[in-house]
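Consider the single chain below, provided in structure tokens and representing the form predicted alone.
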């Protein structure tokens, strides 16, 4: 029995690195994703979405949300790099999984897709609330729109998409996205969450089977249908108010928006969920920076200290993950600060279109301990926060100019005083 226990322990030690190092920030590929379902039939009803993930190299582990063996960690290490929750009606997760462990999962830098519908439980609503998303309190309410619909007034044909190539790709989604589900609003104090798919101004949230007795709480463009959040640690979260949004039925369905002559043979759902999944799993908009390089103009070696008024050159290499390899990142809004308590120099970096950003400037006439700082935040992209410390010294006593041009008036005043005193003395002594 002891030999068997030792064998199991040795096997665990050998397998653990394979589980824990499946994802790397420097090479975000071959990721393991846990998919929680409240019904295994969702594997077939949402097969197109899952197939696109598998075709891109993701290892999907399907489990029921109430499985008693559920666990995100083992021996203190995470077993998965992403989590998909397609179990809106689940009141309680099985095993060691709960809302707190999911929050810790995101806090560790890992990614989450959460989908709800009219059966959303308090557990699912609580997880969404932790991410800055608040679903409609009325559990029977759905999004209703009498102008932007396709047949049924609860089947919304939405086309108000976020304008971001990083999140939804460069190819425009031409067909409307079909949505049937619950509305949610964003926490105004949370600046990390934003709408990706919004309702039209004529939409509102209410129970479709009963008459309105009071004005609905959520109306118009305040309603978000699908939202995303990128945490400060660059973990990404997608929250959808519709589980059907990912279903094969809506992905294959034709769509014609009410009042529009344009009819599309296929809705924009497949392109929308595919591009959104690429973003949430860091296949797009994921930046990596090299080390900050700086040196005096005309030199190549990095000095240990600068002198005031030195001319220096600064550069940093930034790459973007394309889903398969690292490609040069090109932008015209990258800046560097030369910082001590506050920025003394703020320069926009030029790029060579090959991922290298560079600039040159003169060290300010202030000595102390400075930092080169690159703080880059752009919609849809991972946040970069780079810094490097460098001291700046004043001139040494033997480095000043022998005669300072700005002191010439004082030099003149000194010699003029001397000459005047000589003339005054001569006249005073020899004048009769």
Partner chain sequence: MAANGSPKPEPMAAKKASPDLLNSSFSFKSLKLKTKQQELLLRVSILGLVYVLAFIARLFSVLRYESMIHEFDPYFNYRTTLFLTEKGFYEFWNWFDSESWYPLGRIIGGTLYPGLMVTAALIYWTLRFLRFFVHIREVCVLTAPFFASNTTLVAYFFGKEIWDTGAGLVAAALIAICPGYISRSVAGSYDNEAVAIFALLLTFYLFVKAVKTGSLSWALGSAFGYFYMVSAWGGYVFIINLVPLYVLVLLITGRYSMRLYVAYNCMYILGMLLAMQIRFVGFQHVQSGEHMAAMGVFLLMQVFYFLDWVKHQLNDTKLFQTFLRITVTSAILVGGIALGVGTASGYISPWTGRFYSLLDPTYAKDHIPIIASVSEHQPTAWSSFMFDYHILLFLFPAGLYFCFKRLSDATIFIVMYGLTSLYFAGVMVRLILVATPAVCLISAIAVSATVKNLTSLLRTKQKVPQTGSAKGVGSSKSSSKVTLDQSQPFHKNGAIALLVGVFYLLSRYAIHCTWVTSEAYSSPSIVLAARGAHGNRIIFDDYREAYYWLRQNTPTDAKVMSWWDYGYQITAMGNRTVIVDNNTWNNTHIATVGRAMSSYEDEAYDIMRSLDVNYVLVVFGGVTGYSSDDINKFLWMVRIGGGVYPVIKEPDYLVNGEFRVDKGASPKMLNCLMYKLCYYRFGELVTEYGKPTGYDRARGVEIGNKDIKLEHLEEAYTTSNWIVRIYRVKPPTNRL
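From a predicted model like this one, the values you see are computed outputs, not experimental measurements. Numbering follows the first chain given and starts at 1.
What follows is about the form predicted together with its partner chain, which we do not show.
Chemist: So which of 225, 120, 106, 142 reaches within 4.5 angstroms of its partner chain in the predicted complex, heavy atom to heavy atom?
Modeler: None of the other options qualify; the answer is 106.
Chemist: Please identify the residue among 348, 325, 147, 190 with any heavy atom within 4.5 Å of its partner chain in the predicted complex.
Modeler: So the residue touching its partner chain in the predicted complex, by this definition, is 190.
Chemist: Any of the heavy atoms of residue 62 lying within 4.5 Å of its partner chain in the predicted complex?
Modeler: Contact check for residue 62: no, nothing within 4.5 Å of its partner chain in the predicted complex.
Chemist: Consider residue 51 of the chain shown here, and say whether it contacts its partner chain in the predicted complex, taking contact as heavy atoms within 4.5 Å.
Modeler: No, residue 51 sits far enough from its partner chain in the predicted complex that none of its heavy atoms falls within 4.5 Å.
Chemist: With a cut-off of 4.5 Å between heavy atoms, is residue 313 one of the residues that contacts its partner chain in the predicted complex?
Modeler: Taking the distances in the predicted complex, the answer for residue 313 is no, it never comes within 4.5 Å of its partner chain.
Chemist: With heavy atoms only and a cut-off of 4.5 Å, decide whether residue 291 touches its partner chain in the predicted complex.
Modeler: Flag for residue 291 set to no.
Chemist: Of 271-279, 167-175, 154-162, 190-198, which is the one stretch near its partner chain in the predicted complex, taking non-hydrogen atoms within 4.5 angstroms as near?
Modeler: Of the options given, it is 190-198.
Chemist: Who in 64-82 is close to its partner chain in the predicted complex, meaning a heavy atom within 4.5 Å?
Modeler: Result: empty, none.
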